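In the block that follows, a single chain appears as structure tokens, in the form predicted on its own.
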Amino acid sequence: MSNKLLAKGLAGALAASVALVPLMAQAGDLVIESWRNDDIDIWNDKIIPAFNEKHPDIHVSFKPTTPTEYNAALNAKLSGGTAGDLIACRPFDASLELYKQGNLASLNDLAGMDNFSDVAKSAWQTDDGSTTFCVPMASVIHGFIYNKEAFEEVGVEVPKTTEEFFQVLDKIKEDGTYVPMAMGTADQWEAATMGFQNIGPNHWNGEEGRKALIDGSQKFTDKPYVDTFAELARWKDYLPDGFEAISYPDAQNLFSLGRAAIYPAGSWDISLFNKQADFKFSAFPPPAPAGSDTCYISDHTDIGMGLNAKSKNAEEAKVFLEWMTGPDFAKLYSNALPGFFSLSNAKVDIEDPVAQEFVSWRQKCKSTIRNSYQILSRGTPNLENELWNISAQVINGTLTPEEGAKKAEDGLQKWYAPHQK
């Protein structure tokens, strides 16, 4: 080959290699996998630019998948070696399985993890609590949203005890202008989520009772759980006519149209009511039995962020995760999505007044999570689904509180060894 031809060949090869460069990921390029496709503008317009103010040399792309396809799509990408560097983590078993398969890295040594409580980290830890594999991002809080104008008209104040709660409901019912409480049992899940799991922690002392169910030292047939179902059964008298056929969207509409005074809620409902309600509303925490010296709230872990164990940009990804543990991210995320609250211990000033009311309860009450989510729903029957049905039946009056408690315990005893003793 002549020198001229050799030079030409080398030039062509060099040109081809240069042309390929833009197609290859640059060092420091991070890709985030998530199911929160609704949040793409928030990440692109607010969160990522805020990170780049501190770290301009790290490029970050938010590439979500639709929620229903996320788990399958993520598993396929992980198997094929094409998954992003940062992985949005669902709480408990789905993410635990990813860690066990070697797809998520341990974050025990990540700076900033001490900014989160043990409760916050519990959704993304091994069962023994020895390893944390996702940075906690946000939770949702349970309570009651109320129509402030209705309370003023009827002449009632926010209740602080269970006894006051039912006195308020009685006065609203006697007045007759408003449905006392907007909820139905047709979909079942809200009877457990906004009913049983909302008021229950005040009976079973939050984390103390939740952990006691896991280790088997407490049973669903014990007094705290029977008492929770007994309180829930009393709701029947204050729900709309035909509540057995009322769905979750029906109940939301009933409240947002101003026809009901109280709505058993998750904080995720705030954004909808901000858009639809033309009256002032606020929220109060689940009232505790009279004489209680501590209140408890369900501050349920919802989403975290983990590190792909096979990421080629692990160091840059850790920089991003460490930034997520700090106050800037906590403030940004909490205000961009009212009702989704940072799990950080950092003080966050929430701009939405109702969201601020919800999150203020962390300062005066102890946080816990739904007692069916960790470990106890791995078998058959699934405890979470059982509680949907049982809670709805207790409110409907087709199960007594004692029968409901026994059914929940019988289900656990069928497969869960600590409850077979």
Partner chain sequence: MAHSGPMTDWRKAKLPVFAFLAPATILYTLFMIYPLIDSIRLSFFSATNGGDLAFVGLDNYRTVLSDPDWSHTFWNSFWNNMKFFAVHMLVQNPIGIALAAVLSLPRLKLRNTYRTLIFMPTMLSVVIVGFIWQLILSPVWGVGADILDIVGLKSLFGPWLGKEGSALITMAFISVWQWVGIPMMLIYAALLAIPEDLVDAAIVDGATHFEVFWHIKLPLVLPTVAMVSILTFVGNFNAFDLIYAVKGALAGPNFSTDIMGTLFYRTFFGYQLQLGSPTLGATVASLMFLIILAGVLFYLFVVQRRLSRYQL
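If you superpose the two forms and keep the largest set of C-alpha atoms that fall within 1.5 Å, you have the rigid core. Positions refer to the first chain, counted from 1. The structure displayed is predicted, hence computed values, not measured ones.
The form predicted together with the partner chain is left out here; the points below concern that form.
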Worksheet item: in the predicted complex, do A186, D250 and N382 all put a heavy atom within 4.5 Å of the partner chain?
Response: yes
Worksheet item: Out of the stretches listed (255-263, 269-277, 319-327, 343-351), which one is close to the partner chain in the predicted complex, meaning heavy atoms within 4.5 Å?
Response: 255-263
Practice prompt. Note which of D57, E53, D41, E69 lies within 4.5 Å of the partner chain in the predicted complex, where distance is taken over heavy atoms; exactly one does.
Written response: E69
Response to the item:
Interface check vs the partner chain in the predicted complex: of E97, D215, D237, D114, the one with a heavy atom inside 4.5 Å is E97
Discussion item. Is K406 near the partner chain? Define near as a heavy atom within 4.5 Å, in the predicted complex.
Written reply: no
Worksheet item: Would G242 sit within 4.5 Å of the partner chain in the predicted complex, counting heavy atoms only?
Response: yes
Practice prompt. Determine whether any heavy atom of A88 comes within 4.5 Å of a heavy atom of the partner chain in the predicted complex, and answer yes or no.
Written response: no
Worksheet entry | Interface membership of I246, the partner chain in the predicted complex, 4.5 Å heavy atom rule | yes
Discussion item. Core superposed first: is there a CA shift of 2 Å or greater at K148 between this form and the one not shown?
Written reply: no
Fill in: Large Cα move at T68 between this form and the one not shown, threshold 2 Å, rigid core
yes
